[in-house]
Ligand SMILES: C[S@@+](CC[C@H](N)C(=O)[O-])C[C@H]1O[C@@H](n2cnc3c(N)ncnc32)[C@H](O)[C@@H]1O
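Just one chain follows, in the form predicted alone, and it is written as structure tokens.
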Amino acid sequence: MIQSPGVFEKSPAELKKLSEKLAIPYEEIKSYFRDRKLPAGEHLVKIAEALGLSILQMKILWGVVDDQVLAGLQKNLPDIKEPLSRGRKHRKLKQTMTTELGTLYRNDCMDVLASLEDNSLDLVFADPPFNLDKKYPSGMNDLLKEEEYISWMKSWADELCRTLKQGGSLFIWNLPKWNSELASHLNKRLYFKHWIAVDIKYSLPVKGRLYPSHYSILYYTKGKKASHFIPDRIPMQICPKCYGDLKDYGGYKSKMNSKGVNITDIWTDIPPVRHAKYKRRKNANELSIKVLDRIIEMASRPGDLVFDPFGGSGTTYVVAELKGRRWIGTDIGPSKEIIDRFAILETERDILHKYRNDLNCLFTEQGKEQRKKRNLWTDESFRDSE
């Protein structure tokens, strides 16, 4: 019997020979073995026969667990024996910073997670490396084989599921390609709430595919109902030049909520952090505090415990601290940039305050003032007419 991973370790010459033998185009054979895409139809039958495998064995080997595979595994359950895992051994944790509300470690996130009790976290936000071969100060390998990267994501995702409280919320920021893989894994463990698309354009040329203009955030809860879910409302969109309506609300203007418009699962108001005034991380991207402010406000209360397994520039920890949430953070790289950021916490507070001034209102102060000058309707004008 041919075993994995040997079945996939075929040289170009071996793949070409198999292609000729089975009369399957070489590029398709390469896709099946190099990219581990499961063959279908006659190709599946031909390759299974050539490898001396059943269709069920092929699916298991290619990592496809559908209803047929699940039924086969359940039928043979008594023959499947594996020692119970006792979890990861606790390694010594290295604290690099503590505040009134939080602790930052310089450790692998799996080591920190191993130290946490079951059902102990109220909110988790994860922004892992994207496997794009970026250079990190830690020296980590950011170009794993696809199956290795997916396996790595699943390992810490499982630990996040374990440590999340009943009613707790999990948010994962990543490229759509990777989050689509992780979503199918999490669907068996948590309750799916939203796929949030964050529209951020970098204006880079991309050949051979549609221009990617959004990042994705997976939003799951442990249990059907979140213990806390109060999203901010945002101002109505108006023209930045004439300040008129960009959408016709017809006869419903008077019924609009004075606290603003319901937020959707497409976020178009998150700017990339480029300006030196706001950027805290040299030679690397970082998340706007606007993202973490929105998530922490929506899914946690003051005093709740927030965890971010991939510290990066420390945005999660800064926002959690400013909002009175307890927090735990870790990163395998140097902590200096995060520590330096806490030294200018009042500057971050001012930036956050400016963001929040434009939330939970139908029009910003500037927008309302300009509309009044132009005799355009506002929520106040409807109230005054009543």
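So that there is no doubt, residue numbering starts at 1 and follows the sequence shown. Note that this is a predicted model, so its numbers are computed, not measured.
One more form of this protein exists, namely the form predicted together with the ligand; it is left out here, but the text below deals with it.
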Interface check vs the ligand in the predicted bound form: of Y149, Y243, W195, Y136, the one with a heavy atom inside 4.5 Å is Y136
Go through P129, P235, P212, P176 and name the one with a heavy atom inside 4.5 Å of the ligand in the predicted bound form. P129
Region of this chain that lies against the ligand in the predicted bound form, out of 346-354, 40-48, 314-322, 65-73 [heavy atom, 4.5 Å]: 314-322
At the 4.5 Å heavy atom threshold, is F229 in contact with the ligand in the predicted bound form? no
Would L287 sit within 4.5 Å of the ligand in the predicted bound form, counting heavy atoms only? yes
Given that the ligand is not shown alongside this chain, does D269 nevertheless sit within 4.5 Å of it in the predicted bound form, heavy atom to heavy atom? no
For M140, is any heavy atom within 4.5 Å of the ligand in the predicted bound form, or not? yes
